[in-house]
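Form predicted alone, single chain, as structure tokens, below.
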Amino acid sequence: MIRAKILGLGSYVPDRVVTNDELRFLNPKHERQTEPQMDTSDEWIRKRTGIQERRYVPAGETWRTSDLGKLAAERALEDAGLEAKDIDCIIFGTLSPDIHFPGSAVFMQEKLGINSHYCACYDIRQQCSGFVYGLEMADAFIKAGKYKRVLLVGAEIHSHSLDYTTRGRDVTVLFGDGAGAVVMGPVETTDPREGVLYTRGHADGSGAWGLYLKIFDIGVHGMVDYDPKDREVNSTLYPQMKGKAVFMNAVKQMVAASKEALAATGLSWDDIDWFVPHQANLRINETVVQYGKIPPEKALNTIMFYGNTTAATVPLTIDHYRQEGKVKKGDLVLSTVFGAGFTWGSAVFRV
């Protein structure tokens, strides 16, 4: 039986650390100012989100999401003992693409030096659910024999598109820049607990306007019907969120998806080594652990250090703890995610 397996794992975060206290001094180009630009504090942010700091690309430099994806991908390839030319499919998850189109996967393909016309490139826009959705795609492709080496990348640059004023505070404090990647391939085995054991994506479009970034409206002639430089009318330029609705739905669906994954695989928490939830808010994850009756010592969180890196959070978190020696090769992970759309899902796989 052919099963899909993670062959390599890698991640990348910029060197620049932005603490909660520094965040309130940043201008729209995330440059440090002498006077506060946002009414917030370290205590306010920690209490509501659990975040202590996040990583940003350097201010004043030209970074694009595919650049971060490339660096994470190179580390995953090295971990797998493969070269970029071995990849025949790229799946790139992001909500912060390099440009509107084409997708970021083709830009990263070129930066990796993959010249083969037989390397397919997919971009998926499932935001915080991007990794699990991408894992489901890669798993299906490999089991069907369609592709042999799939590079799945989640990458984000949020720092360029946040509202660094009190108006945008609730969203801005949450996000950071980063990337995570896995290389996947086939393994011949009769062991039902080898490789990727389970994936399942869900969606509920009635929640689409609960968390979104509009920027433009294709239904409007010219797409943009406001002055981006006028603060009285440019809120559309920045992410919008109904915080309570997102929190409640995230907890509900992540708990349900976790239980669904265990039921479908016949596993219990005794069988699972690590629970890796999407890193949107530490308070969400703590509540999911509580109501999902998940052993707290098995829950891995990195939002304290990196903020919410949306499509990158799951591989970034796993790699963070692997580098610390906590997560080891062969460990069984249950990951559950929730994001804009609303979309959510879960997966069970070996690292």
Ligand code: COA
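Quantities reported herein were computed from a predicted structural model and do not represent experimental measurements. The numbering used is simple: start at 1 and walk along the sequence shown.
This protein has a second form, the form predicted in complex with this ligand, left out of what is shown; the following refers to that one.
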In contact with this ligand in the model of the complex (heavy atoms, 4.5 Å), from 107 to 115, 236 to 244, 138 to 146, 69 to 77, is stretch 236 to 244
Is it true that Leu174, Arg283 and Phe338 each have at least one non-hydrogen atom within 4.5 Å of this ligand in the model of the complex?
yes
Report whether the minimum heavy atom distance between Gln37 and this ligand in the model of the complex is within 4.5 Å.
no
Given that the partner is absent here, does Leu211 sit within 4.5 Å of this ligand in the model of the complex, heavy atoms only?
yes
According to a 4.5 angstroms non-hydrogen atom cut-off, is Tyr321 in contact with this ligand in the model of the complex?
no
Give a yes/no on whether Arg46 approaches this ligand to within 4.5 Å in the model of the complex, heavy atoms considered.
no
Name the residue from Val276, Val150, Cys128, Ile157 that puts a heavy atom within 4.5 Å of this ligand in the model of the complex.
Cys128
Contact assignment for this ligand in the model of the complex, among Glu260, Asp86, Asp170, Asp123, heavy atom within 4.5 Å:
Asp170
Using a 4.5 Å cut-off on heavy atoms, what residues in 303 to 332 are near this ligand in the model of the complex?
Asn308
